[in-house]
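Alright, two takes on the same chain below, each alone as C-alpha cells: structure 1 and structure 2.
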Structure 1
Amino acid sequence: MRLALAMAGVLAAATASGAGLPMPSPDPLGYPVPPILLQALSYFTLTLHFLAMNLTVGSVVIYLWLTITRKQYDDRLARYLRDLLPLSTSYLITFGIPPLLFVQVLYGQMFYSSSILLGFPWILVIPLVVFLYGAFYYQKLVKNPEHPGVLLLSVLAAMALLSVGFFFVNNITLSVSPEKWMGLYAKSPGGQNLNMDDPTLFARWLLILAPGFTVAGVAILFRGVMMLKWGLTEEGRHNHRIAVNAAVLGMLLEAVAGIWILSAMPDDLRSHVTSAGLAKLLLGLGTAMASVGLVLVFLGRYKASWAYPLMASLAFFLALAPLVALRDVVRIEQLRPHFSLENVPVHAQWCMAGLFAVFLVAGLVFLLALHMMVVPKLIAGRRAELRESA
C-alpha cells in the first residue's frame, strides 16, 4: 500500500511538472487487422448484446409489475416473460463476450486502466451475473413462483442486473477520462473507484436501459399475435395494449436520456455530435429507424400477423446499430487528445481473421437453424397447455 501511494505521488508530480498524462502504451503487437474491421465487428456484436440486454431488462421489470398488479390475463403474460428471462440472459452473456474482447483490442490500455481503478465493483460483475442467471432459472422452474420469497429473489436479480449495467457504464466513462486516473489512484490504489463525478454517467446508464421497455414490448407483441391466432381475442388485445405502452415508454425514456446526455456534455463534444457529418448521420438514422419501429408496433395492434413484430424487430435493430457506432464516435473524440487508432501499427493476421469470420457466421447460422427447429415446438407445447387450462 505504501509503495502504491509512493508511486502515485511520483506519477502525480511528473504530471504536474508537465510530463503529461501517464498514458500506457498500446499493445506492441499492434492490431491483427485494420481497425475499421475490428470496429465493424465490435458494432455488430455489441448491437446483438444490447438487444439481448434490453430484452432482459425490459422483461424482468414488466414481469415484476405484472406480478404485483395481477390484473386479468397478466398471470399468463408474466409466465411468458418469466420463461423468457433465462434464454435472454444466456444471449446477453454470450453476445457480451465478443464486444468486450474487441474493446480490449482497440482500446486495451485505457480499458485495463479503468478496470483496475474500479477494482472491486468491476470484479463484482461476475458473481452478480452468476446470481441473476441462477435466480432467473430458479423462478422459472419453481412450482410456486408467486411465493413472496421468489418475488423477492426476482427483485434482487433485477437489482443485480441494473448494477452490472451501472458498473459497465462507470468503466466505459472512466476509460475515456485519463485525466482523472491519477487522482483516483492516489485516493484508492486498491480500486473501489466509481466515476460518480461524470455529468453524463446516469444519463448514459438510462440510455442503455431505456430501450428495454421497447424491445420487451415487441416480444409481448409476438405473444399477442399468438393469442389472436389461437382465438383468444381479448387476451391478445390486452397483450398488444401492454406492448404499445411499453414501446412508447421506452422511446420516451430514450429521448429523455439523449437530451440529458447532450446537455451534460462539454460544449466542444456536444458541438461535434450535433454538427459533425458522420455523427449527425448516425444520430439521424438511429432516430428515424426507431420511429419506424414504433409506427410498426402501433400498426401491429390487434392484428394476427407476424409481419409487424418481425419488421419492428428489424427496425429496432437498425435503429440501435447506428447509435452503437455513434457511441464509438464520441469515444474517439474524447480520446483524441491522448490516443488515436491511426497511431497503432497494423500487423495483419488474415488467416486468423478469416477463421474468426467463418466461425462467427457458422455460429449465427447454427443459432438461426436451432430456433427454427425449437420455437415451433415450444409454441405447440404452450398452445396445448392453454387448451388444457381452458
Structure 2
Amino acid sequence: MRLALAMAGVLAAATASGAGLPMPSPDPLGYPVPPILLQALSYFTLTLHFLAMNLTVGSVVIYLWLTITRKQYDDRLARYLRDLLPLSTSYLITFGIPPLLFVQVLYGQMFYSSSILLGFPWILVIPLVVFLYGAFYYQKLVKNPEHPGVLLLSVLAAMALLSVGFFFVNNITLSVSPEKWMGLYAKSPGGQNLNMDDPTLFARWLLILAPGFTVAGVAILFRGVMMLKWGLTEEGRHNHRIAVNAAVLGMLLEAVAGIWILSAMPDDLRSHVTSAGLAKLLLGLGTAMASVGLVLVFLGRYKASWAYPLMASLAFFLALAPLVALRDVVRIEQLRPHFSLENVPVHAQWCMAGLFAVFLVAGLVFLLALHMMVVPKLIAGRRAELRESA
C-alpha cells in the first residue's frame, strides 16, 4: 500500500513536471486505405448509431412520461414506444460497431490508452447494456408492463442508458487529452477513473442525448400518419401533438448544449470551430438541416402523408452527419500537437475494401427486398389489431 502511494506520488510528480507524454506509436501496419475513406465510413455509421441511440433515449423517456400521464391514447402510444425499444436498442448496438472499428483504425493509440485508463467504467458499459437491453425486452414481453416493479425497471434501464452515454463521452474526451493520462494512471492503474474535469464533458453528454426527443418525435410522427391513414383521426392528431412537442424540446435542448459546449471550449478551439472554413461550414450545414427538419415536422402535423416524416428523417440525418464530421474536425485539432493522420503510412487493402463494399451493397439490397415483402403484411396485421381494440 505504501509502495502504491509512493508510486502515485512519483507518477503524479512526473506528470506535473511535464515529463514526456506517453503517446503510443501508431500501429506498424498503418492504414488499410487512405484515412479519408475511413473517416467517411465512420461518419456515416456513427450518424446511424446516434440516430438509433437518440431514438432509444427519446423513446424510453417519452414512454415513461406517457405511462405517468395516462391521458387518452397515451397508453397505445406508450405501447408503440415500448415495443420499439428492444428494436432500437438492437440497432443502437449494431450501428455502434463500425464507428468503433474505424475509430480504432484511425485513432487507436489514443483510444486504447483512454479506454485502459477508464478501464472500470469502460467495461461496466457491457453489463449495463445487457441490463437495459434485457429490461426493454422484459417490459415488452411481460403480461403486466404497468406494474410498478416493471416501471421501476424501465427507469433503471433509462438510467443505465444515460450512464453508458456518459462513459462514452468520458472516453472520447479523454482520448484527446493525453496531457491527463499519466495523472490518471497514477491515480488508479486499475482504471477507476473518470474524465470529470473536462470543461465540455457535460455539455457533450447533453449534446449527444438531446436530439433523442427530436428523433423519437419523428418516430411518433410516423405513427400519427399511420393512425390518420387508418381513419383513427383523434389518435393521429394526439400523436402528432406529442411528436411536435418532443421535436421542439429536443431542438431547444440541442441549442442549449451547442452554446454551452462552445462557451466551455478553450478559446483557440472555439475560434477554430467558429472561424475555420470547414468547421464553420459543417456547423452551418448541421444547424440549417436541423431547422429544415423541424419545419417539416411542423408542416407534417395532422397530415396523413408519409412524405413529411420521411423528409424530416432525411433532414435530421443530414443535420447530424455534418455535426458528426465536425466532432472529428475538433478531435483532429485537439490532437494536432501529438498526432496527425497524414503521418501514418497507408498499406492499401483495396481488394478487401472492395469486397466490403460488395457485401454492404448486397446486404442492404437483400434487406430492402425482404422488408418490401414482409413489412406490409406486418403493418396490415397491426392495423387489424388496432381497429379491433379501438
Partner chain sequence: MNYPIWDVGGLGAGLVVAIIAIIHVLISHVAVGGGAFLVVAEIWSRRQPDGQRVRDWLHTFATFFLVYTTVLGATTGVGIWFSVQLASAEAISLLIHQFVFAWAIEWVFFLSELTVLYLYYYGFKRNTPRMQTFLAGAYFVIAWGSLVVINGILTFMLTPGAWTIENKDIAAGFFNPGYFPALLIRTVTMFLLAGLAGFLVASRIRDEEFKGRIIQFCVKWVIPGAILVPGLGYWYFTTLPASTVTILAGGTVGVVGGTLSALTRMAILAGVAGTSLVLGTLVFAAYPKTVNTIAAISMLLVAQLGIMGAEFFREMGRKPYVIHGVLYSNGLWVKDAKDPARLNGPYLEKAKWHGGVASGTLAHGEQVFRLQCASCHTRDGYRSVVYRTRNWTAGFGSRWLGTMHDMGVMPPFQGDALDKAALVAYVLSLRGETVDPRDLLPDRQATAQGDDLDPDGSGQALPGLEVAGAEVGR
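We call the rigid core the largest set of C-alpha positions that still match within 1.5 Å between the two forms. These figures come from a predicted structure and were not determined experimentally. Throughout, residue numbering runs from 1 along the sequence of structure 1.
> Between structure 1 and structure 2, which should be identified as the form predicted alone?
Structure 1 is the one predicted alone.
> How much does the C-alpha of residue 371 move between structures 1 and 2, in Å, given a rigid core overlay?
Taking the core as reference, the C-alpha of residue 371 is shifted 3.1 Å.
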